[in-house]
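Single chain ahead, written as structure tokens, the form predicted on its own.
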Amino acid sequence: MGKKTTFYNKHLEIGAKIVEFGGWDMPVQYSGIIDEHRAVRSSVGLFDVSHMGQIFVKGDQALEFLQSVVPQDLSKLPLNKAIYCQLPKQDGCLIDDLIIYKLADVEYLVIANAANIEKDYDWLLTNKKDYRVDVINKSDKYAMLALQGPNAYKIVEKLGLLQDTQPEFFTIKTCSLDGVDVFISRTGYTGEDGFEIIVDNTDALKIWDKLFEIGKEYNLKPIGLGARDTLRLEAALMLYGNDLNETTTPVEAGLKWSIPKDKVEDYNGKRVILDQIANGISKKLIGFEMVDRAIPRHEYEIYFDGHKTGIVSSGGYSPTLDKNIGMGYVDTKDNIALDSTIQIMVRNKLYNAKVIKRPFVQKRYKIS
């Protein structure tokens, strides 16, 4: 049995199918993956993401400390803004990928992936050294909900946060929703507009009930991990453990946009990462859609011109496109480009696929 979130009994009451994920017992689906997926794309859905970690970094050297462990340049991060970054080792490969929020000049909130909370926390403590900073893991104190979809902002407005006072894209604020103090950010993992709400466990059930009460007007549905995965795959968002891991660098994963070349401070893996940007890599991440009728899955082999070139990192059915799609790493020596034909090995048989541009479905973030 895994750990249980504050909402576990709620999931059981509304008929969720529960699976183990990252050490947690989590809902994989309620009404069905495709139905839940389409609810988020067309209106709004609510995800329990309380398995994610909340690690606070505080102190007069909080910035200097974080600058030493992530490639992004946090010195350029405005107050209350968020930034996507990675947590690399000395070899440039990744312990995790993160969202970091600047809560104050001397305080940051780090959001860690569920299975990596303790690993990330231990890594931060190991790298703390003599920095005047406190690293505090409050993951067991907070619950976290993701309200995602084009009608998400309407529900938040009816909770008391008017549209013109709602956080902008990749921004966080503290406020009261229906009398409950929360952190609310305009972030998510679906490619849709939406919010993530971090609330003390003691108030979490009240927020859950209120969201569904208000959300009836918009046919708000609970969404499980199954639809969370199909939604993020369509948006070509990375999943740690699939598309990112401790043998992959951010450059190989196509994340050069998140690696500033002009950052002065040293950080773990900087030499390797900048060398890859300057001199190239041996593998790269591509996106593809199946031409033949077959479903690509994690760790299926990829072939090109008669030989194995790589491996599928994520794959599955896209309800929006009604196609089977995937991402995977291939050997850069094969010069695989857009529109190239590749093959996926499925049950000892090769099926054709075409390399296409990512994301597979256009993201619809509300960016001011």
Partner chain sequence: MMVPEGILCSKSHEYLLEGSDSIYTIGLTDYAVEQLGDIVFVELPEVGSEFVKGEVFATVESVKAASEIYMPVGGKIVEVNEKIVESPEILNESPFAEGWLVKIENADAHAESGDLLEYNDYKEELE
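Residue numbers count along the first chain shown, from 1. Since this is a predicted model, take the numbers as computed values, not measurements.
What comes next is about the form predicted together with its partner chain, which does not appear here.
Scanning G287, P250, G226, P167 against its partner chain in the predicted complex with a 4.5 Å heavy atom cut-off leaves one residue, G226. With the partner removed from view, the residue among T230, N113, T187, N151 that has a non-hydrogen atom within 4.5 Å of its partner chain in the predicted complex turns out to be T230.
By the criterion of a heavy atom within 4.5 Å, I295 is counted among the residues contacting its partner chain in the predicted complex.
Using a 4.5 angstroms threshold between heavy atoms, F56 stays clear of its partner chain in the predicted complex. The closest heavy atom approach of Y351 to its partner chain in the predicted complex falls within 4.5 Å. Under a 4.5 angstroms non-hydrogen atom cutoff, its partner chain in the predicted complex lacks Q343 among its neighbouring residues.
Screening 59-67, 301-309, 334-342, 31-39 for residues having heavy atoms within 4.5 Å of its partner chain in the predicted complex returns a single hit, 31-39.
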